[in-house]
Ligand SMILES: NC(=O)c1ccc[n+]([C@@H]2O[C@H](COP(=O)([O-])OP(=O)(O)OC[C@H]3O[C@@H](n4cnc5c(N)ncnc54)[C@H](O)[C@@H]3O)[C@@H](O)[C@H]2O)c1
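In structure tokens, one chain follows: the form predicted on its own.
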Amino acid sequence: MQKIAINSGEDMKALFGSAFVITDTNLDRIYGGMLPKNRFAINAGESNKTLYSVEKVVNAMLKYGVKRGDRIAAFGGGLVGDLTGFVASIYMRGIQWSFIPTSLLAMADSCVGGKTAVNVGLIKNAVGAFNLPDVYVETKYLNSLPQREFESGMGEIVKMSLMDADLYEFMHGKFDAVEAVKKCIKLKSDIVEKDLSDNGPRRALNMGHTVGHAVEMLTGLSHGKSVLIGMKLETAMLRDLLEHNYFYEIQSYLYKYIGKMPLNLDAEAITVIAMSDKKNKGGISIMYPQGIGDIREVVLSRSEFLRLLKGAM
């Protein structure tokens, strides 16, 4: 079982107890004065989640003399966590790592379950590994979070609310970020405990990601907003499978968090990227909500996917 501590005050102990810390340039400007000196700041932004960045981090770790028995730490959002976890999985055939998430998305979603990866070209998370960290969630870091990143985290929280009636009801009341983080961690931890390798129940967490990953790579929109757009388009593609009133309820719910849809989406380009999605088995896989907590899968051929996507747009 993964160790996850919430508002325990152990974040500094975890950071200073690590042989090396990885963060990004934005966070380094804000928190650099309180971070250990043995750290490396990668350039912020999804475009830097690459094998080239992995090489730069590894070279820095070698320079600092990080050994196989050491532990490293990630201080940042999903990008930093993904990169650090992947580096930890391959450095000297694997070392331990801790994650101090600083974004809403990382706290509520990506810090749980050990998915780590980097992008290759337009293929998101093409190279990676399952590598569980010890996690120290301190919601105080949300106070410095830019609005774009807060909205990105809301995307994954909204997605998870379609998987659980209690969380769905909570999202229709007065929103509390700390409570939302706690609920999402509990929900995702329960799922991951049953299916770490993403071959069964965990696949439900991929809702919105088939189209969403393509939207993210093509537009530069945040991950969470791209997932929301992905869910909106995917449910529209499969509207004949959903009960009429439920379809419109979900569309309205998602629109509340998306706002204005981007007008420059290219169905052909999205389809090309979706064809390379690592979740595919025999066709393009889409996870969709048949009802709250009832997540199902449909597999489409390339031509079916393109036709339905064009109709949804």
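For every residue, the number given is its place in the sequence shown, counted from 1. Just so it is clear, the model here is predicted, and its values are computed rather than measured.
Although not depicted, the form predicted together with the named molecule is the subject of the following passage.
Here the marked residues 215, 276 and 285 all miss the named molecule in the model of the complex; none has a heavy atom within 4.5 angstroms. Residue-level contacts in the model of the complex: of 87, 233, 137, 79, one residue has a heavy atom within 4.5 Å of the named molecule, and it is 79. Interface residue among 110, 226, 210, 98 relative to the named molecule in the model of the complex, by the heavy atom within 4.5 Å criterion: 110. Partner contact region in the model of the complex: 101 to 109, out of 87 to 95, 177 to 185, 101 to 109, 235 to 243, criterion any non-hydrogen atom within 4.5 Å of the named molecule. Taking non-hydrogen atoms only, residue 145 approaches the named molecule to within 4.5 angstroms in the model of the complex. Under a 4.5 angstroms non-hydrogen atom cutoff, the named molecule in the model of the complex has residue 26 among its neighbouring residues. Contact check for residue 44: a non-hydrogen atom falls within 4.5 Å of the named molecule in the model of the complex.
Although the partner is absent here, residue 152 sits close enough that one of its heavy atoms falls within 4.5 Å of the named molecule in the model of the complex.
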